[in-house]
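There is one chain below, alone, in structure tokens, taken in the form predicted on its own.
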């Protein structure tokens, strides 16, 4: 019991001697942390007006945040009474040690297969990556929902990242009736793709006869566009193909079933026994 009282008295003496400096250092630390976060947020906004490179914005803002924290920590510890040179050396040693650990163990640390700003499909969700943390990834879907996906699920699931390639192939499949001229239908689809300025001319757009189904001939148009233009170009091509077929008299097929009607009043003739043998 006496030892506890002695500890309390020791703390009281320290506060009496250095209480003012400790309070000022605490205020510097709290205000500095708030300013670091506030300034970093405004820096991201300013960089966003200059460039659309999300990776560059993230790197610059993180470096600024770390350097500002170094200044805050040095100011707070100096106010308490520590020498600036000692604190600076300590922070440098810690920084170099952290960098060394990251360089040595980075190949063995699993990384997420995307960056902030990428459009991805993961966990049956399609959207844009807004932020990543050690535990989860914040995904903004195209219907306005914000979803937090656990990183462990992402690492164990199939991920489609649409930013690894600059272009993407559009598929437009249609079915026409057997009594239609499929060569004319293919010509219409090909001319529509060639006339669209968003469609790449190399590789050249092409139309295939994919299959002869029960009720129709299946045609498939294939072309390439830039990734950001994929969705709207695909929707426009589907609409143009529909109107192009109507203008040229090409009829799109629909499922058909042949029904045979038999008069139940007519006698049913069964084969003779010798015919069965």
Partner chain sequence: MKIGQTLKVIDKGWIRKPKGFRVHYQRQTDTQLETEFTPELDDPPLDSDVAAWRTAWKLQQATLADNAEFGDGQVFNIYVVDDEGALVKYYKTNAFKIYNKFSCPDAHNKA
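Numbering follows the first chain given and starts at 1. Nothing here was measured: the structure is a model prediction, and the numbers come from that model.
Just so you know, the form predicted together with its partner chain exists too; it's not on screen, but the next bit is about it.
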Contact assignment for its partner chain in the predicted bound form, among 161, 191, 153, 184, heavy atom within 4.5 Å | 191
Is it true that 198, 229 and 240 each have at least one non-hydrogen atom within 4.5 Å of its partner chain in the predicted bound form?
-> yes
So which stretch, 125 to 133, 198 to 206, 174 to 182, 140 to 148, is the one near its partner chain in the predicted bound form (non-hydrogen atoms, 4.5 Å)?
-> 198 to 206
Can any non-hydrogen atom of residue 247 be found within 4.5 angstroms of its partner chain in the predicted bound form?
-> yes
Partner contact for residue 213 in the predicted bound form: its partner chain, 4.5 angstroms, heavy atom = no
